[in-house]
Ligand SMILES: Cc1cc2nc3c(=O)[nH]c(=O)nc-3n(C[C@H](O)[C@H](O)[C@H](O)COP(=O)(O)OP(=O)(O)OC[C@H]3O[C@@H](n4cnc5c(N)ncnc54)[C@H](O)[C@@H]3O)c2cc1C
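Next up: a single chain in structure tokens, the form predicted on its own.
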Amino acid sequence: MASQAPWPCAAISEAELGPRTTIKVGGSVEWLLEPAHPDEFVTAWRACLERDLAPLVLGGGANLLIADGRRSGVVITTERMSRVFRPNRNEGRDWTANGDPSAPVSQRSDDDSAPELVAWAGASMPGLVRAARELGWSGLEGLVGVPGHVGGGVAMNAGGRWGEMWDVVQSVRVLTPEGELEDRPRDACSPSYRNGNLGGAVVLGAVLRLEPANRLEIKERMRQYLSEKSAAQPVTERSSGCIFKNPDPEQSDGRSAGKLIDDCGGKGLSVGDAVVSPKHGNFIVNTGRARATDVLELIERVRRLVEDESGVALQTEVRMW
């Protein structure tokens, strides 16, 4: 049951976290806070610091594996912070207002000379990609099929061979672990492979700069990319996304983590209902009632297999709580 008594925003006690992840495994937490606005998030974060608590932040639950059992303390979810809007140019970029009420995000502007979107951390990645498509703004097509929320996508520079999140990020608003707000331009962040290089700061939102393009061409590119991804990855199954980072090509003879796992016979390995996807060796899928302990055991089994067979020590990309 929701309760607001001890916290400055909506809160749930003894909240189950597993259903909030894309792989659908994991335990519960003592308190789950649900701010609906970036300002409310800041207030909730500072309330935790006042109580000597170090909160964890839960976005869309992609690229995340949560341990079984009960966790004490606090998790703050960005799920309700889902706004995506065009900034009101008469007021400058406004992170916290409703944007221009006369210009819904799904409607092309008469003036596309500044094709920018403001996306709060809890905006879904699929929803953001669709919004850009409907506006006729290009730059996000390569992220079609990427799950999760904008906050996580910015923090880990989500993407793949068709493009990455930071290809379009112009600036990001973050909250430091000490509770201080900062607006950081792209040049101050130096994002890299699977890393927004934010130094532990929490993403509250981002300004995205896109390019006007033909809407039908954007739609066709998205269709092609998603078709290729679906053929090679279990995009409709319950997974955390890629488990391992791609290793240094010089150490792996140019092979990706998935190719290494495939070459070493790792596809199809299982522990309980956790299975290495037959489609792609770098994905572990929950085929039924898998537990986090099953997934963790399978990760270590695959890691040992690849190191024994190829000498390459794979590093996990998925975050673990």
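Just count from 1 along the sequence shown to find any residue number. Please read all numbers here as calculations on a predicted model, not as lab measurements.
The next section is about a form of this same protein that is not shown, the form predicted in complex with this ligand.
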Residue within 4.5 Å of this ligand in the predicted complex by heavy atom, from 247, 191, 139, 241, is 241
Pick the stretch from 210-218, 196-204, 131-139, 181-189 whose residues have a heavy atom within 4.5 Å of this ligand in the predicted complex. 196-204
Considering only heavy atoms, tell me if residue 22 and this ligand come within 4.5 Å of each other in the predicted complex. yes
Residue-level contact is defined here as any heavy atom of the residue lying within 4.5 Å of this ligand in the predicted complex; does residue 115 satisfy this criterion? no
Flag residue 282 as yes or no: does it have a non-hydrogen atom within 4.5 angstroms of any non-hydrogen atom of this ligand in the predicted complex? no
Would you classify residue 87 as touching this ligand in the predicted complex, given a 4.5 Å non-hydrogen atom cut-off? no
Within 4.5 Å of this ligand in the predicted complex: residues from 43-72 (heavy atom criterion): 57, 58, 59, 60, 61, 62, 63, 64
